[in-house]
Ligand code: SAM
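For reference, the chain that follows is the form predicted on its own, supplied as structure tokens.
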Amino acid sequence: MPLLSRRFERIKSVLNRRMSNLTILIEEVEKPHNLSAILRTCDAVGVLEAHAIFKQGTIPTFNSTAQGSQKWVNLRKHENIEMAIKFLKKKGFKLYGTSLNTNAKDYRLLDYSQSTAFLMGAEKWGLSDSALKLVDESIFIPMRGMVQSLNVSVASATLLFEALRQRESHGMVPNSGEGVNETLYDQTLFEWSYPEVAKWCRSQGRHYPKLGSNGVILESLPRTEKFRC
């Protein structure tokens, strides 16, 4: 059935507040509740896309903690940590890796107003040595109790919301779509609005149809595809 106008407006309002220059890279974080909680935080903060490294053969799974946020935050998977970091640096991101080493800085003392990527390690071991050698800054979240670190999903939320707080204080949080370039905005809007039609278009190697201001697809589609709308 056609997309309801109020649903389309809701999708646009969320996309208008997304930020393509804030992200998180998770290295072998595979417990469903942690992965789900991290993506839920990304959605809440306004992260457009997250990044991940998984052990070979691992298929990421989500539980109810995600509340469907995996539909609204693209999780881009990379082959290894070196390739992931190279990809992000090429995009202009500054990388901050959580660590307890002596060179790590209190996360509250750094500026996350520009393109920022937080690297988070596996639940038990933290970031790999390979990752820590490639980050721009090592950071830590001060603890006042007996334990040395937070759960990875809680730590992710702490860092992402600090980045959001800083950007809000500088008036740098998008509200009208300015946080995403026009091409990516249009692509994401169509995929969020018509995921099944988008999947069909990709399988056919064709461009997404144009959308009207009320969310209606302006191009004609095969009859079978119309039922996916």
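Numbering starts at 1 and runs along the sequence shown. From a predicted model like this one, the values you see are computed outputs, not experimental measurements.
Omitted here: the form predicted together with ligand SAM. The next part is about that form.
Visitor: So if I measure heavy atom distances to ligand SAM in the model of the complex, which of the stretches 137 to 145, 87 to 95, 72 to 80, 109 to 117 falls within 4.5 Å?
Guide: Result for this chain: 137 to 145.
Visitor: Give a yes or no for residue 122: in the model of the complex, does one of its heavy atoms lie within 4.5 Å of a heavy atom belonging to ligand SAM?
Guide: The answer is yes: residue 122 has a heavy atom within 4.5 Å of ligand SAM.
Visitor: Would residue 127 show up as a contact with ligand SAM in the model of the complex if we use heavy atoms at 4.5 Å?
Guide: Yes, residue 127 is a contact residue.
Visitor: Going by a heavy atom distance of 4.5 Å, is residue 131 a contact of ligand SAM in the model of the complex?
Guide: Flag for residue 131 set to no.
Visitor: Hey, in the model of the complex, does residue 157 get a heavy atom within 4.5 angstroms of ligand SAM?
Guide: Judged by the heavy-atom cut-off of 4.5 Å, residue 157 is well away from ligand SAM in the model of the complex.
Visitor: Would ligand SAM be touched by all three of 100, 149 and 152 in the model of the complex, meaning a heavy atom each within 4.5 Å?
Guide: Yes, the whole trio is in contact, each within 4.5 Å by some heavy atom.
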